[in-house]
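One chain is shown next in structure tokens, namely the form predicted alone.
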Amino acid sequence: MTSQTQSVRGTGRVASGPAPGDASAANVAAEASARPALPPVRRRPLRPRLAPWLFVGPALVLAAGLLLAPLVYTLVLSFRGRQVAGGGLGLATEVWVGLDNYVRSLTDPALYASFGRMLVYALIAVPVTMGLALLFALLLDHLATRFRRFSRVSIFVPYAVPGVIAALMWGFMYLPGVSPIRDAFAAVGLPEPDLMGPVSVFFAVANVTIWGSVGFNMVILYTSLRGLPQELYESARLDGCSELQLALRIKVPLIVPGVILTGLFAIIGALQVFSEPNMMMTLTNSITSDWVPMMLVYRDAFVTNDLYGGAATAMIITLVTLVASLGLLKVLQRRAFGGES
């Protein structure tokens, strides 16, 4: 064969066939060439269905421990009660009472009065909060606004103040003798207003909530505005659109989903208002211990030691909040999210 008779390069030796000493090496090479090549080792990627659960798993664990477990425990307490055996000095035992706690809560006039006061408070706080947040977001998004970053931080800072601190701070600003607001009215010759009266206290409590929550909603709406395409603004200006028309006819309609979402958050916050009136209750007689539903639950559970009645009232408030939130979201879903579930 030609390959066997040609000379090996560099040695001058004529190869007439495989040398006796190279037989084993040739066999090994032949076996290696005949052996099928192993596929390269690759790391097996995570299954597409498993990867999302790894990301949301910690959040689900926290939600189960901090939200679901207390909710289930409260639900169990709402069906139980305390029974004293052996007279007034006997041993109190926990027994199953069924729906008795719910019947007692639903027939309590204080519950409906607290819901009425909460509704008045919500009608003041929610529209003003959303209106100011939208106004500030539009002003900050305006091209001619100066000190935009400083203004954005200044509006957002009250949100970082805890609600208890804000309620105490504003409460002392309402009190006669130390209130700069009353002093300002007196300085211009006007009668000093009663900022903590039976009617004005609704505005006083709502003011604390508005002052603290406008910044958070403003940031969400401002972020939505910054996400809009700037070419749309330029086209509108070239067509002769004024800044007011640009804001009302282009910007606001395009961020309606963000407005509805923040409005839903504000409504849920109004249904759960507690810290502001509870702290200001120590400064005025206009706020009672059952002023809003959450204060009624706190009074029953920790002041009058009716833990089971408070649990039943808490479950009623939870159900009302859930129904109101889901109902409102369902009504506004098509407008806010284009009908996506």
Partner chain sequence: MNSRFTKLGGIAAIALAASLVAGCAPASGGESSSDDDGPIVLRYWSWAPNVAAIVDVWNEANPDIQVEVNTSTGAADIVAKLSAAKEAGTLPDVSNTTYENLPNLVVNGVADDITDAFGGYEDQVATAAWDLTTFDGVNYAVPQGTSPMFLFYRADIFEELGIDAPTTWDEYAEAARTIHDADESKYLATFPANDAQLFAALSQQAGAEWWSLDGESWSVDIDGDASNQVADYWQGLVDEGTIATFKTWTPEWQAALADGTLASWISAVWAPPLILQNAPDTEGQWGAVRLPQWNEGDAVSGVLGGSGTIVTTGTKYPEEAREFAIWLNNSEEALQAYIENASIWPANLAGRELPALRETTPAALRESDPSFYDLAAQIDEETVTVTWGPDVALAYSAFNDAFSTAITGGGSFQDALTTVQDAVVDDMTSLGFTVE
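Residue numbers count along the first chain shown, from 1. Worth saying up front: this structure is predicted, and the values here are computed from it rather than measured.
Although it is not shown, the form predicted together with the partner chain is what the next lines describe.
Engineer: State the residue from 113, 106, 175, 71 whose non-hydrogen atoms include one within 4.5 Å of the partner chain in the model of the complex.
Structural biologist: Spelling it out, the residue with a heavy atom inside the cut-off is 175.
Engineer: Which one, 235, 242, 83, 223, lies within 4.5 Å of the partner chain in the model of the complex by heavy atoms?
Structural biologist: Partner contact (heavy atom, 4.5 Å) among the options: 83.
Engineer: At 4.5 angstroms, heavy atoms only, are 207, 318 and 328 all close to the partner chain in the model of the complex?
Structural biologist: Not a single residue of the candidate spot has a heavy atom within 4.5 Å of the partner chain in the model of the complex.
Engineer: Are any of the heavy atoms in residue 94 no more than 4.5 Å from a heavy atom of the partner chain in the model of the complex?
Structural biologist: Residue 94 belongs to the contact set for the partner chain.
Engineer: Any chance residue 53 has a heavy atom within 4.5 Å of the partner chain in the model of the complex?
Structural biologist: No, no contact at 4.5 Å.
Engineer: Since only the chain is shown here, I'm wondering whether residue 125 would be in contact with the partner chain in the model of the complex (any heavy atom pair within 4.5 Å).
Structural biologist: Residue 125: contacts the partner chain in the model of the complex.
Engineer: Verify the contact flag for residue 198: yes if a non-hydrogen atom of it lies within 4.5 Å of a non-hydrogen atom of the partner chain in the model of the complex, no if not.
Structural biologist: Result yes; residue 198 sits at the interface with the partner chain in the model of the complex.
Engineer: Taking heavy atoms and a 4.5 Å limit, what residues of 210-229 are near the partner chain in the model of the complex?
Structural biologist: Those in contact are 213, 216, 217.
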